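Here you get one chain, nothing else, as structure tokens; it is the form predicted alone.
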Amino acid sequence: MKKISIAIDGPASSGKSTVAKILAKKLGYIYCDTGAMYRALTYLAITKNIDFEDEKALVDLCLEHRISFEQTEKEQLVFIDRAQVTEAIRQPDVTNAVSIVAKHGAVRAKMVELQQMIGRAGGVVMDGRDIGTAVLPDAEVKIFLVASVIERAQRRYKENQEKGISTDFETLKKEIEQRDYLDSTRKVSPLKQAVDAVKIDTTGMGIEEVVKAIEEIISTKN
């Protein structure tokens, strides 16, 4: 069976990463978490006191540090150089700033270059905001996941509770709405559905239901 490229896009907390990880494991594909790459860069900016609006300094961070992934039986770990930052990049300070860092054209150009190197060989599931439109425009399968703001806030709230991160539900809801606005209105590679992407509204759907729906779409490509 030919190994294809699968692009999964959608707004914050629409289920992209969870679904992408499950699909990659089932298919024996590489999983590339592009959101974690931008989060890692944002974490670097915070720890080194780099202004989120300083595009050149952010690009320099990309060049000076290596962001990588390591798959374990339980999860995928994220590293900056040799430091494991999987949980650190999911903290609220990073979450609330990542859309600002990700809006810069030069930053996105560097990240897209790295992501395309990973996706070039096929056999990859990649999720993010602009995978089907900018990173892997020739992907054989493109999915655009959406869900209501309330449901996405509930998912993020539950995730944070499980990780011991204290957050207020209404604050989370407002933060997700703000991220939606920033992601969809940025000038460079805004969040939008690719013309050939299949839209799936995951509101009220379980993860396995979403995975099954995507598997059915994949089956038509082989």
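Residue numbers run from 1 along the displayed sequence. Just so it is clear, the model here is predicted, and its values are computed rather than measured.
We do not show the form predicted together with a small molecule, though everything after this point is about it.
*Asks:* Quick one: find which of 147-155, 91-99, 117-125, 71-79 has residues within 4.5 Å of the small molecule in the model of the complex by heavy atom distance.
*Replies:* Stretch 91-99 is the one.
*Asks:* Using a 4.5 Å heavy atom cut-off, which residue among Lys173, Arg186, His65, Lys192 comes into contact with the small molecule in the model of the complex?
*Replies:* The option sitting close enough to the partner is Arg186.
*Asks:* Do Lys142 and the small molecule share at least one heavy atom pair within 4.5 Å in the model of the complex?
*Replies:* Because no heavy atom of Lys142 falls inside 4.5 Å of the small molecule in the model of the complex, the answer is no.
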